[in-house]
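Next up: a single chain in structure tokens, the form predicted on its own.
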């Protein structure tokens, strides 16, 4: 037996590419998203009561990870990318059914023109990810205090020594009016150390696309230096 579902909408996020997306929701609180609903779900009554909840569960499709074939084991980044575990013991996007689950903070629900929009923060989803369902986060049921997370029992280590070149600061200043939270977003994303763990070349320059900008940086020891923030 097979099942087919149509997305209820899509979410716009700062992440146009998979590289640099945080590995879990809530790690980058400055990352905001806007959910736009499809035509038959674009109704006030379908959202009634949702604003009483601080957080939401998003059920979504890993639309850029869909494959005809899948493998039963994966190499989680938290294990250094060297150890294989079963895909059901991971949150890898490469699954028998490429469905994801993410908890986000609800900021607001508003109507823009004829369209209802749901504004959320702490997103870890690729831009234009299809959303299959929205469910309220229920604290007494969803937060299990003595739960065990095995290899992911603690938050990943962050790197908070981040500097900006004079050129990058000037570019951020030029964009401050339209993108006031861009610097904070860059800092939070880079603090998650998106570059591969085995890359230690201090001369290597990394790049990522973020919220319509090309961000280039270099890592030297425990310091990340942002070189350029270029508008795409």
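All of these numbers come straight from a predicted model, not from anything done at the bench. Numbering follows the first chain given and starts at 1.
Not pictured, yet referred to below: the form predicted together with a small molecule.
When the small molecule is considered in the predicted bound form, residue 38 lies well away from it, no heavy atom lying within 4.5 Å. Using a 4.5 angstroms threshold between heavy atoms, residue 71 stays clear of the small molecule in the predicted bound form. Interface residue remark: residue 76 is not counted as part of the site for the small molecule in the predicted bound form, having no heavy atom within 4.5 Å. In the predicted bound form, no heavy atom of residue 9 sits within 4.5 Å of the small molecule. The contact with the small molecule in the predicted bound form, taken as any heavy atom within 4.5 Å, belongs to 101 out of 152, 159, 101, 85. Proximity to the small molecule in the predicted bound form, defined as a heavy atom within 4.5 Å, holds among 176, 47, 169, 65 only for 65. The stretch from 29-37, 160-168, 178-186, 57-65 that comes within 4.5 Å of the small molecule in the predicted bound form, counting heavy atoms only, is 57-65.
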